[in-house]
Structures are given as structure tokens and as C-alpha cells.
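As a starting point, one isolated chain is supplied in C-alpha cells, in the form predicted alone.
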């Protein structure tokens, strides 16, 4: 059976990824998270492990027990908490990723074949100096404006480079020692909006927070201006992008890191769609200056033409379809409400 390790399994992406992979009878999922796995997910995995990616003894034990085909490394300390605890963020986001890459190398040597390593990065790796530049930049390509303003963005950008190093250059000076082969593949996600899980501390979470508050009949104080604009994607498309990239033949991939996106509404436009679905929704815009500066440094949109060209990426949900067919029905079901 194909054996897959998913770190950060309890997170927003982890929930969707486990549910999709569990649809296949020939897949065995090992789910690793700092907390006990969500009860709803436990029947869908072969084994649920509560543990820390900084615990190298735990990773060595998992590596000795299973032959992994693919590693989805989702575990991370997200942007808002990372700004408050930068040292912890570096340990989790960088040292943790390094531990997983080393484990993948060991698995490759043990099995004598490449191990796929899927890594979700973020638009936080970008950093534009001001709003005028952001407006002029338009759709930002993968190699542009890589000057992140946050510890989270710095961590993500560095880990992208770590993955490329392990895939291309690891042990390049030591011809007598087996390298271990990692097939590193990375997606730079925009803001993600899920109807199933509650946001957990991302700086782009004002969009899903607004929706979930409205569905519960709670007022929401949005921490960015109404005209704030960054790219977003519905969670099912994020899961599909990961699965499509994992399945793509290596020879068709022209790069290790790909942008993906779906739509890029302003915060005010998101509120209009939320209010259309929940007419009593009460949202006030009270920008938090620190978080506003961070979001203003992210692109208004990104260029994902490389993903379209190399592995046929196309989102299923545009903005209006995401609300009509996924987000609104999903949050209504979650909170047992009817329109």
C-alpha cells in the first residue's frame, strides 16, 4: 500500500487532505500532530500519532516502522503567533522542516528510491515596500519581491530553499556517501478559506473569520481596511492543488516552487458576499496597524501560469461559486443553521 505521512494533521489543510486521501483504499495514512487527532479524522487514518516534529526520536521511530512514499509536511506555527514568538516560530517552522527533510533522506536511502516531499508555502514570502508598488506590481511571479516582512514569511522562504538544496545539492561534495533522493515540490498558497474548520491564527484569516462569525450570528471586528486586497482560494481547491502537484510527472515540472491562486477580492467585497448570505451580519473595519502593514506587503494577486502550464492547474471555485456552492452551505451545516 502507498504509505503517506501527514504532519500538522489537525490543521485546516490536514482535515481536507486526510478526507480526500481516505477515499482511496490503497492509501495508508500516518497522521502526526502536536495534539490528539480530531475524533472525526481517526477512522480515516491508519495511525494517529500525537507528537512534536522537533522530537527527532519520534521521527526516527516512525521512519523505522514505516516505508513512506510521500510526506506532506503541513505543520507550522502560523503568521500571527510567529510574530509574537519568533524564536519558537524558527524552531517549529525551520528546525522542524529540517528534521522532516532529514527523515526523508533516511527513508530514501533505506528504500533505494525517491521520496516525495510536499511543502505548502505562502504568499507571506513576498514583501512589497508600499501600496503604490503593490498596485503597479500586478500579478507577482515566483521569483519577484522575495523580501518577506514577517518571521513566518522568512521561515517559509528559507524552507523552500532548504527543500531545493536537499533535492538538488545535498552531499554534492561527498561522492562516496549515498545522497538520498528527495522529490521536493512546493506550493505557495494564497489566503485559504474553509467552511469546515475554524481559522487558527493566519494573518489572512480575516476572510474566513468574517464568514464564520456571520454564520454564528456574532459581530466581527475586521483587522484590515475595506480596500485591502490579497489572493484567496477555497480549501477544496487547495487540497486539489496539493494532490495534482503530487501526481504530476517529475519531468513535466520546470520548477520546485509554484504559485497557485483563485480569486483576489477586497475585504469589503468579501463582506458584501457575507452580508448577501447573512443579512444580519455585523462587521466593523478597525485596522490593526501591525497586521495591516503585513497584509499590505503581500501581493494583490499572483501569477500562477507556471502551474497551469506544467501540471494543468485550474481552480474549480471562483469567488461567487466558492460562496454559493461551498462556503455558505458549509458553514450553515457546521452551525446547524438555515437561511
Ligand code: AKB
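Small disclaimer: the values here were computed from a predicted structure and weren't measured. Residue numbers count along the first chain shown, from 1.
Keep in mind that the form predicted in complex with this ligand is not shown, yet the notes after this line are about it.
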{"query": "Segment that reaches this ligand in the predicted complex - one of 90-98, 116-124, 157-165, 255-263, heavy atoms within 4.5 Å", "finding": "116-124"}
{"query": "Close approach of residue 203 to this ligand in the predicted complex, 4.5 Å, heavy atom", "finding": "yes"}
{"query": "Close approach of residue 228 to this ligand in the predicted complex, 4.5 Å, heavy atom", "finding": "no"}
{"query": "Exercise: residue 194 in contact with this ligand in the predicted complex, heavy atom 4.5 Å", "finding": "no"}
{"query": "Partner proximity in the predicted complex: residue 78 to this ligand, non-hydrogen atom cutoff 4.5 Å", "finding": "yes"}
{"query": "Heavy atom within 4.5 Å of this ligand in the predicted complex - qualifying residues of 136-167", "finding": "152"}
